[in-house]
Every structure is written in structure tokens, then in C-alpha cells.
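One chain comes next, on its own, written as C-alpha cells: the form predicted on its own.
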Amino acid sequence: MADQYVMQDPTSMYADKVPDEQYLDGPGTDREMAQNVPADHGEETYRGSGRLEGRKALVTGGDSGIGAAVAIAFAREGADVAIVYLPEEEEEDAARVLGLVREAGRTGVALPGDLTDAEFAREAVARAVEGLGGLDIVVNNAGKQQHVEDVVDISDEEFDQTFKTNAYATFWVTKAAVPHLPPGSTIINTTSIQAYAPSPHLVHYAATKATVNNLAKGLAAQLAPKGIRVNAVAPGPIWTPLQPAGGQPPSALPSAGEQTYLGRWGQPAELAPAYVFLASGESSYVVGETLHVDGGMPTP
């Protein structure tokens, strides 16, 4: 992406970013992906215009993928940013993102820990409030995605961990954050095209994203009278570490995205403007919306 303000042919963008068959152990990192086909988080291209000046944002899963792109964009729009990430495995990626936040002249707060632990989720919010001097944007983005071809092969542990990472953590973080959010604040949940059109090999992941999407709708109605807007973003196939780290079968990686109208993978940098819009005052009358950024995939 040369610049988000420059007209480009979306069908030919990122023609050089077609992954081959690969597999990453553990949660996967941007550092590992960069050795093959690096993702674009807007590091070299995102240009801010003061749309979030003075805001204070918490982004879960902010070390890589969509969360990294959002953290970078928020900082360049004038927000201070705290990011939650897994310690050890994701430390290097997180340090790079926080470095870019600080290069933008903003405060960057590191919150290493595991959001499947309810106590840590609450602690992360408290530490974000302390480190940022308040809180008015919450992006629930941390996610776990593992493909399993047959439901009989989904272990109880895998099912439980996926729901805890994607759905429970969203609930825990939101519940802890709401008492700190003044009128004008925003909460943005990352859902997925999978919430509407679940793939056969992602049934448990898709179920969590439907939950997260529905949670955004219900919270939007509950919190709007307090002046807190809740919305969601539903990405399609986006090139993030989730994908080669078991989110898709390795054999599917080269062709994933071909089913979209644009016929290609999306990049995290293409998601960031949606989050900026929903976080900013420009979307003051947008409540309970699910904004689809999926390259063109029909939804109900």
C-alpha cells in the first residue's frame, strides 16, 4: 500500500505477497513470517491526520497482524497505546510495534500476559489505565484460530482455549474497562467473516467469532445511553501469523483469498483505517455496526 490516501487498483495491490505452503509453531510471529512473505502493517505507509489526538487506547493482540496495524495507525493519529501480547513468544514483535508507537511521539505501554487468565485480563486493563493516564478506546482483537477438519477431532482443551482467548477475554476486558470509560469512548471487537459464513474446518473458531459479534450488538444497546459506542470489524482472509500457525492448512495458504471479489489475501494495513474510523468522532452516529473488510464476500 503506497499510501491510504492515494487511488490504487485494489486487484493488483500486494501482488508480490502470495505465500507458499508453510507452517509456524506456536502462536506464530511476524518475525517468522518476514522470513517468507512479510505482512504489511502500514509501517512504511500509514499517514495520520490527528483524528485520535489525545486519545488513550488498549489493543489486545497488538504485537502482530491486525492488532499491530491498528496500534501503529492509532499512534500516528495521535493516540497513546497499550498493547497486550503473549510473553516470550511475542516479545520481539511487541517491542517493534511499541517502538513505532513511540517514534510517532506517543506513549506505548507493554502488557505481556495470557488473556485466557481472567485475573490477568482485569490486571491488563488496570495497568493500561495507569500507564496511559486513562482509557477511552478498547480494541478486543486477540485471537486463537486452529483448523480441525472433523468435529470429533476437536479436543475439549482446544475448544475451551479458543473460547477463552476469543470470547471470554473479550468479555473480561470489556467488563473491567467499562467503569473507566468516559462518554465518547469506543469499544471495537474483532469478529470475522467466519461469524456469518463458517468454514467446515473452523467451526469452533467461527462459533467464537459469532459470539464476539453478537456481544458487540448487545453491548452497543446497553452502553449507548452512557455515551460509549460499541462496534465490530469483520475481516475476511487477512495475512497474519494466525494463518500459517495452524489457522489454515498449509496447502491452502497459496490460494486463500481467491474466493473474494478481489481474488487475493488482505493485509493488516488494509484493516487499520476501519478501526480508526470507528474509534474517532467521525463515526459518532455509528453504533452496533459490523464493518466488513473482506475483499468482497457476500454476507447475510
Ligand code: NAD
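All of these numbers come straight from a predicted model, not from anything done at the bench. We number the residues from 1 along the sequence you see.
What comes next is about the form predicted together with the named molecule, which is not displayed.
Novice: Identify, from the list 48, 27, 273, 257, the residue with a heavy atom within 4.5 Å of the named molecule in the model of the complex.
Specialist: Of 48, 27, 273, 257, the residue with a heavy atom within 4.5 Å of the named molecule in the model of the complex is 27.
Novice: Could you check which residue among 114, 91, 160, 123 gets a heavy atom within 4.5 Å of the named molecule in the model of the complex?
Specialist: Of the candidates 114, 91, 160, 123, 114 is the one lying within 4.5 Å of the named molecule in the model of the complex.
Novice: Counting only non-hydrogen atoms and a 4.5 angstroms cut-off, does residue 237 reach the named molecule in the model of the complex?
Specialist: Yes - in the model of the complex, heavy atoms of residue 237 and the named molecule come within 4.5 Å of each other.
Novice: Give a yes/no on whether residue 165 approaches the named molecule to within 4.5 Å in the model of the complex, heavy atoms considered.
Specialist: Taking the distances in the model of the complex, the answer for residue 165 is yes, it comes within 4.5 Å of the named molecule.
Novice: Does any heavy atom of residue 85 come within 4.5 Å of a heavy atom of the named molecule in the model of the complex?
Specialist: Taking the distances in the model of the complex, the answer for residue 85 is yes, it comes within 4.5 Å of the named molecule.
Novice: Test of understanding: in the model of the complex, would residue 42 fall inside 4.5 Å of the named molecule by heavy atoms?
Specialist: No, residue 42 sits far enough from the named molecule in the model of the complex that none of its heavy atoms falls within 4.5 Å.
Novice: Just one of 151-159, 205-213, 71-79, 129-137 has residues with a heavy atom within 4.5 Å of the named molecule in the model of the complex, so point it out.
Specialist: Stretch 205-213 is the one.
Novice: Who in 239-277 is close to the named molecule in the model of the complex, meaning a heavy atom within 4.5 Å?
Specialist: 240, 241, 242, 243 sit within 4.5 Å of the partner.
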